[in-house]
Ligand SMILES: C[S@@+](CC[C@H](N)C(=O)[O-])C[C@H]1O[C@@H](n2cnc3c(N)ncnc32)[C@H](O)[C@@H]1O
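Starting off, we have a lone chain in the form predicted on its own, written out as structure tokens.
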């Protein structure tokens, strides 16, 4: 989805633009929740027809539909609503670039929690996202349903970055990929598909590995892509890999544990082995770009010690662990610029 650029307007319009942001996102989330975009797939329907299919009152639904039109997510012509190119590409189930599960996660897991930001900052303590206790990592590690919801949202979020990493990095020189915190296995699957000589192991919490197994089976790669349940911090890594991918993992942990993971990766790899770190990279002064700044606040809400990571701090962690030939590459060609994704690669 194309992100709206933050305005430099110095009038009160700028304040109103910021203040109404939550209303705009809720229109999107509610339209996804009511399955509006899939109901309108290849159709042009009146408000009355759409309301009947949604089993919702026309008076209120029509205002939601008009809100989606104002946001460029729907089109209204001669009294009939239809999808725009934007919603067709990203909000129709089954499309390769579908991110509806991510919108559902934002709505169900984070929207209300952001209303507690004042308390989180006052107490300097996260708000449990699922149930009465535990941060999001604790709950994903133990609750299968929580893991499935979170991982499918993450899968939506990870498809394009996975495509870009596979395009930009040459895996053909490696025989075994260890995908730490690999989630649904999307990176391992894509890497194995492109490189027939590559095997991969998705190392993640037990509930997550079950989800990855389903995805691996669906892609017909069970012979080359395996799962290994475990805890990145506590358990030994499965043997045999000469390249490690750490994608979207370091942001969930405090600095001490991030350093522990990177040093553990260094000790594990054979001489000449490679590590790839993928993150949404915040500036070293931590004031931009906008998405990593928002993400750092989201992690304050969700996790005990997570934070957006900067290129500088991750580079230093790699150097301190003993890695050489550290290189940074942005992931913006396929993934877009808004998330400011990038990879750091280094060699033992």
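Bear in mind the structure is a predicted one, so any value in this text is a computation, not a measurement. Positions refer to the first chain, counted from 1.
From this point on, the text means the form predicted in complex with the named molecule, which you will not see here.
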query: Site test, 205, 231 and 249 vs the named molecule in the predicted complex, non-hydrogen atom cutoff 4.5 Å; finding: yes
query: Interface stretch in the predicted complex with the named molecule - options 147 to 155, 118 to 126, 77 to 85, 91 to 99, non-hydrogen atom within 4.5 Å; finding: 147 to 155
query: In the predicted complex, residue 241 touching the named molecule (heavy atom, 4.5 Å); finding: no
query: 4.5 angstroms heavy atom contact with the named molecule in the predicted complex for residue 137; finding: yes
query: Touches the named molecule in the predicted complex: residue 181 (any heavy atom, 4.5 Å); finding: yes
query: Residue 262: touches the named molecule in the predicted complex, heavy atom cutoff 4.5 angstroms; finding: no
query: Position in contact with the named molecule when the complex is considered in the predicted complex, options 186, 177, 225, 275, heavy atoms within 4.5 Å; finding: 186
